[in-house]
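First comes one chain, alone, set out as C-alpha cells in the form predicted alone.
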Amino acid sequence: MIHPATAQDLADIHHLISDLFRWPQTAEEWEPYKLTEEQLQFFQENGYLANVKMLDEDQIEVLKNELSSLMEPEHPGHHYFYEFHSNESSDPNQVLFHALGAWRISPGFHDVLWNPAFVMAASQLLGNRAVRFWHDQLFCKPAQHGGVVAWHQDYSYWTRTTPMAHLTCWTGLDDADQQNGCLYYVPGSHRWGLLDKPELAGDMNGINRYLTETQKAQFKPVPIELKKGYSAFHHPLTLHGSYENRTSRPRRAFVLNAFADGVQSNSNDILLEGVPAIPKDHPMEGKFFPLLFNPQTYQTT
C-alpha cells in the first residue's frame, strides 16, 4: 500500500487531469451543454430541476470503481476527506455512507467538478454568473439496509458563507427510484425562508416541528426518479430528503455543491475540517474553492 504521506492532494490542481471529460474551447462548443429557457423557468418556479444528463456509461463505470476504493477506510488518501462516515446514522440497520472531499483524492471525482455539463448548468441556474466550488459529497445507501436522509435545506448547514448564492447538483451512479431511496423535493419550498436544520440521518417526520401550518399544508413531496448518470439541481432552500433502501440494489450518488463567485466567509472559524479558515467577510477563493467556470470567457450568455 502507498504510504498516506505520498498521496497527492488533487486540490492543488484546478483543471482536468484525466481524459474523462473534454473542456470546450469556443462558444459554439459550449452550446450543446446549455439548459433551455423552459428548464430555467421550471427551476425558478419549483426550486429544482431534474433529469439533466451528466455522465455516459464509461464515465459512470470509472466513478463506481473509484467510489468502491474510496469507501475503504485504509485508502491511502483517506486523510484528505473533510468528513468520512461509514454510517452517518446511529442505527446499524439504517446505513448511510457519507463523505466529503473525494475531489482531493481520486482523478474521476476531481474531474467531475470540471464536467462541462455541470459547470454550464450551474452557471445558468446561478444567473449566468461565474461558478466556484464549495464542496462535494458521496452518498451511498447499500442494498437491503440503506438509511434515510432527513428533510432539510442545504443552506441551513451553510450559513457560514454569505450571501446565499449557492446551488446543489445530485448525480446518481445507480438508477434511483422510490423503492431504493431516490430523492424527493417539495416544490416551491425555496420560497419558505430558512428553517432550522435537523440531524441529517435522523427522523423523516422531524421536519414537522419546523413548519408553520401553512407550510404543512403545502408540504407535497414529489419523487425524483432518475436513471444513472442523470442529475437533479436544487436551490439552497429547497426542502429535500430520501427514504430507505430495502431493495437488492445499491443507491450510490455524488453531490457537487457550488456558489457564485463573490460569496464570502461568514465566520472566522474553520469552514471545512482541515481547510485553513477564511476570515469573515473575505471572499471564498483559493486552493479549496476554485473558480470552475466563467461564462464571460466564452461569451456564452
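Quick caveat: nothing in here was measured; it's all calculated off a predicted structure. Residue indices: 1-based, along the sequence shown.
The same protein has a further form, the form predicted in complex with a small molecule, not shown here; the description that follows concerns it.
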Is residue 149 one of the residues lying within 4.5 Å of the small molecule in the predicted bound form, judged by heavy atom distances?
-> yes
Taking heavy atoms only, is residue 183 within 4.5 angstroms of the small molecule in the predicted bound form?
-> yes
Contact flag, residue 255 vs the small molecule in the predicted bound form, heavy atom cut 4.5 Å = yes
Considering only heavy atoms, tell me if residue 245 and the small molecule come within 4.5 Å of each other in the predicted bound form.
-> no
106, 215, 162, 168: which sits within 4.5 Å of the small molecule in the predicted bound form by any heavy atom?
-> 168
Partner contact check in the predicted bound form: of 235 to 243, 54 to 62, 272 to 280, 32 to 40, the stretch with a heavy atom within 4.5 Å of the small molecule is 235 to 243
